[in-house]
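One chain comes next, on its own, written as structure tokens: the form predicted on its own.
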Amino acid sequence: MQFTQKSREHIESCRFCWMCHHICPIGNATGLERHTARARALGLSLVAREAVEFSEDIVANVYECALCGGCVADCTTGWDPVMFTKEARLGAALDGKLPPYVLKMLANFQETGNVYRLKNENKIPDFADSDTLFFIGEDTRAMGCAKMAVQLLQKAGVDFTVLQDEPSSGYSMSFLIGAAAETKTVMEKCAATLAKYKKVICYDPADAKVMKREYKEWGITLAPEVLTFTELLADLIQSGKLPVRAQDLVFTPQDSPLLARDLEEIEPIRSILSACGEVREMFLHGKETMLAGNLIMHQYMPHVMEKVAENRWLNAKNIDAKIMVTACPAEYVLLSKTRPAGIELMKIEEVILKCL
């Protein structure tokens, strides 16, 4: 396994540091030191200096990271464990050392277009052609269509279309094997499909993050303007196209790290919820948010991912939250699995539909 000089510098710095020890949602869920950025850097530093082999256990540890960026956001000295973790995943792919569960998901992707090997049974209605595309996303199509989101856009009079054979944005491939040629091929195919549209509305923050950030990093040109679902909804409410009425309800936003950290989008969900009722924040929110789950990792670390979601519910209970609201499909699925009594869970589109 060969690391770039930049990654080596970050690995060597992180292996001595405990600064982000408290912020890792995986480490907090398991209580294991191996799930901290420092421990991961320590193992990879031994590999980088050729003191040990890039062993099965070290590779497995590389996949025990959610890439949520909490460690990066918390670091005041600018080190980036996410960067060297993704580079290590690429190295595992190039060296033929991917874990069996990753190989299985990659095979699933080749067969079905998603890593879960689920075929979407919820057929999407035919839509007329439009220069605006509503991009539903791999996670949502596999787990169930965004029917309420489609309904809400129709109520707002938004002219849009959807694709029956929607391509993957490349998010799952990027998560699993990083900057591999296969990942770029998937992204380029998606960019070519989207080239005919003027605007793309991404329902899933994961797709928005990839299109807005990673395509540029790969030198992939994306012709249409890309909007997150939440920023579109905030604009529709502000313009009066979604005439919501404030209710006697208290909402607590669960900020997706993909939105709040990767895309630095914090205000739209609060603008929406403020128009619909009162907002009550958890202690860790905005850029300091905590992950509430990752569906890809749920395939091989289900109990840990559910504990991650349970911890977020505990954060909500600590401020006497009434309704937790999320704009992330993956987090919604895992929060649904672990929801305690006494707190309601809603998607952002559910909130608006309730308040129209």
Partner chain sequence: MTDFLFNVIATELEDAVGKENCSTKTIDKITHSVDYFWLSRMWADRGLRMPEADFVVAPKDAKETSAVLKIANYYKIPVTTWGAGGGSQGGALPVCGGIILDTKRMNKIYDINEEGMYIECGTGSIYKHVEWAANERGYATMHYPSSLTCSTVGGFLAHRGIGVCSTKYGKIDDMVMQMEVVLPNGDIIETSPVPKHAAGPDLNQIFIGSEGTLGVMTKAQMRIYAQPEERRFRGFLFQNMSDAFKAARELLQMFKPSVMRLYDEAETATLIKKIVGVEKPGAFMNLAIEGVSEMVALEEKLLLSTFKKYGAEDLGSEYGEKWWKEKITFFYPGHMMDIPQCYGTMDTIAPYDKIEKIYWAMKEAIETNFPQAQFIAHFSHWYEWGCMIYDRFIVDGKDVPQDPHEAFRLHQEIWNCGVRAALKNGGVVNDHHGVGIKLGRLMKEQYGPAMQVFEGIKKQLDPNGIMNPFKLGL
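Every value quoted in this text rests on a predicted model; they were computed, and no experiment measured them. Residue numbers count along the first chain shown, from 1.
Beyond what is shown, the protein has a form predicted together with its partner chain; the following relates to that form.
If you check its partner chain in the model of the complex, you find a heavy atom from every one of Ala51, Met290 and Asn315 within 4.5 Å.
In summary, among the residues Glu182, Asp95, Glu267, Asp74, the only one with a non-hydrogen atom within 4.5 Å of its partner chain in the model of the complex is Asp74. A residue is said to contact a partner when one of its heavy atoms sits within 4.5 Å of a partner heavy atom; Ser13 meets this definition for its partner chain in the model of the complex. Remark: Ile323 does not count among the residues lining its partner chain in the model of the complex, judged by a heavy atom distance of 4.5 Å or less. Using a 4.5 angstroms threshold between heavy atoms, Leu284 counts as touching its partner chain in the model of the complex. Interface residue remark: Gln299 is not counted as part of the site for its partner chain in the model of the complex, having no heavy atom within 4.5 Å. Note that among 143-151, 77-85, 205-213, 254-262, the stretch whose heavy atoms approach its partner chain to within 4.5 Å in the model of the complex is 77-85. Contacts with its partner chain in the model of the complex, taken as any heavy atom within 4.5 Å, map within 19-41 to Met19, His21, His22, Ile23, Asn28, Thr30, Gly31, Leu32, Glu33, Arg34, Arg38, Ala39.
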